[in-house]
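As structure tokens, one chain now follows by itself in the form predicted on its own.
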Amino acid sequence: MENCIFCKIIRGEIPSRKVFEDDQILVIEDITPQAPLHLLFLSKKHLVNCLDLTAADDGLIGYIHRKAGEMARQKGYAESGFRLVQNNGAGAGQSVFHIHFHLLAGREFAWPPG
């Protein structure tokens, strides 16, 4: 999408602190981290949120979850725990309407969240 900030980051039009990239996803550091580790997993395919997903996207979402686990392990948070969050809609806290996942770790998290 032309005016989507995450699409612009993916295209390299806006700088980011890139952690990982391949043909399916871009992983960047969040510019306003909410935990010592706060990474954003951006799908290179523009989808608004999980309501836009089809069966064709099952592999992409599984891949993102597996990569998040790998990164949590690499960063040393597998044992202490981490949170993987995906918000759907403004009422749930989604502020950028391009599907993305937050990997948060390094502090205690309350339940229920938010």
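These figures come from a predicted structure and were not determined experimentally. The numbering used is simple: start at 1 and walk along the sequence shown.
Below: the form predicted together with a small molecule, not depicted.
The candidate spot formed by A68, S80 and R107 lies out of contact with the small molecule in the predicted complex, as no residue has a heavy atom within 4.5 Å of it. Contact annotation for L40: at least one heavy atom lies within 4.5 Å of the small molecule in the predicted complex. With a 4.5 Å cutoff on heavy atoms, D58 does not count as touching the small molecule in the predicted complex; it lies far away.
In the predicted complex, the small molecule sits within 4.5 Å of a heavy atom belonging to I28. By the criterion of a heavy atom within 4.5 Å, G93 is counted among the residues contacting the small molecule in the predicted complex.
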